[in-house]
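Next up: a single chain in structure tokens, the form predicted alone.
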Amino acid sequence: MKKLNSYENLKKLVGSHYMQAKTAHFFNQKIGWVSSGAPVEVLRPFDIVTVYPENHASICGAAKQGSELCEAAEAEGFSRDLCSYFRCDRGSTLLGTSPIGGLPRPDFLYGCNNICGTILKWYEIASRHFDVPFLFVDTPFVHTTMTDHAVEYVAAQLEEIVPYLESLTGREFDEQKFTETLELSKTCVELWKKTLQFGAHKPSPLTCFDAFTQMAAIVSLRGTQEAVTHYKTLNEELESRIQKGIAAVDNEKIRLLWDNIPVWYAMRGLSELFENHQACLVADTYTNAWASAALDTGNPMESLARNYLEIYLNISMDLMLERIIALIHQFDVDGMVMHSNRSCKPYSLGQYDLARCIKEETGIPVVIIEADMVDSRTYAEEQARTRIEAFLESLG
């Protein structure tokens, strides 16, 4: 599969980000461990260096170290049925190792339960381990519509966090810098949304495997100029590919939609499998979770609350179905691949019902494969390959 030139830029960007985190304490900067769904924009005005344990766990998984680190957490007494991102992070903390040498010690933790309830317990455990504070944002589940009460409730929590951050960092909250952060965040998300929309072109200049890699910046560097610059460069490259007629998959014949977190340790094998059958995964539900940019600098806390309340995993199955069907039509896909992820219950619960509803409402077929995002012990590669090949042959 053709590798994007922007991949090298991303490697440098991510490497620089972790290097900054590793040296933050030398420059009297505070380090915060942040969950991927937390409103990070509130932290940016305080020049806090943010690191994301989930991103770090995905790096461990891609480097095929996930199982080893998970086993270390299990040896401490944590069940194998728990989230492998958590087990991987915990194992890295216990062993003091990872592909990047582990994460630097945090000064505090900042999490939000809009992606799952595990974050609360995960960060509580880390908070006790490092003996540092844990700032938590509670987001009510959106069953049908987002209520004003829920928005006010989340916005009030964000307001309450500001004085604590002032005390923690010894800095005053800079309203101008906060506004600039919101503008950068909005621009970054709009650029990311444009990146993903390139997949609607026929043939597509990128696959969801590209998106899985390129999402690192939208998660860990949201609200920064570096992320904005990166996505501008990436989009220029994708535009150039379209103008030159360069497809991510040569002779693209089958267009597919992916659901759930990537199987990080099997990315290469899966991408080659689909490419060999001239199938292109042109879109996915996972990376689209960071493609909402409804930020308003005139009413920042309320707009942040709304933005983070509508995260994909914080909505009902009915609303998920609406979003999936919209993606099916927008990207004109021929079928859907669902990753039944042993580790992520909120993402995987209800997939069989969703698959049935998708087929009834759109007519497209769905295949479900069983795996785990970073723990390769649960993945039967040959079984998954056989199932995918049979699925693709039925579409061809």
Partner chain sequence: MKAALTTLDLQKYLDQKKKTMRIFAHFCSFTPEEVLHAAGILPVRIFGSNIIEKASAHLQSYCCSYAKRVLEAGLTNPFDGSVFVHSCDTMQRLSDIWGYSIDDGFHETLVLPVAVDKGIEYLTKELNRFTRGLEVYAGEISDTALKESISVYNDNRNLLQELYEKRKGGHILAVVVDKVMKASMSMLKQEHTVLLEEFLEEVELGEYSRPRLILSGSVVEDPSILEIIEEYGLICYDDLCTGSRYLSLAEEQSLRGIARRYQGMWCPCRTASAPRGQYLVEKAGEYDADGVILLLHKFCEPHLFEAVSIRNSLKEHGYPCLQLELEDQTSPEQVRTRIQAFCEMLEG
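Predicted model, so just to flag it, every value in this text is computed and none were measured. Positions refer to the first chain, counted from 1.
The next section is about a form of this same protein that is not shown, the form predicted in complex with its partner chain.
The three residues 121, 317 and 370 all sit with a heavy atom within 4.5 Å of its partner chain in the predicted bound form. Site annotation in the predicted bound form: the residue of 166, 250, 76, 239 reaching within 4.5 Å of its partner chain with a heavy atom is 76. The contact residue chosen from 170, 117, 269, 101 relative to its partner chain in the predicted bound form is 117, the criterion being a non-hydrogen atom within 4.5 angstroms. Of the candidate stretches 82-90, 278-286, 189-197, 175-183, only 82-90 has residues whose heavy atoms lie within 4.5 Å of its partner chain in the predicted bound form.
Residue contact with its partner chain in the predicted bound form: residue 343 places a heavy atom within 4.5 Å of it.
Among heavy atoms of residue 299, none comes within 4.5 Å of its partner chain in the predicted bound form. With a 4.5 Å cutoff on heavy atoms, residue 55 does not count as touching its partner chain in the predicted bound form; it lies far away. In the predicted bound form, its partner chain sits within 4.5 Å of a heavy atom belonging to residue 349. Shown without its partner, the chain has 143, 147, 149, 150, 152, 153, 157 in segment 142-171 as residues with a non-hydrogen atom within 4.5 angstroms of its partner chain in the predicted bound form.
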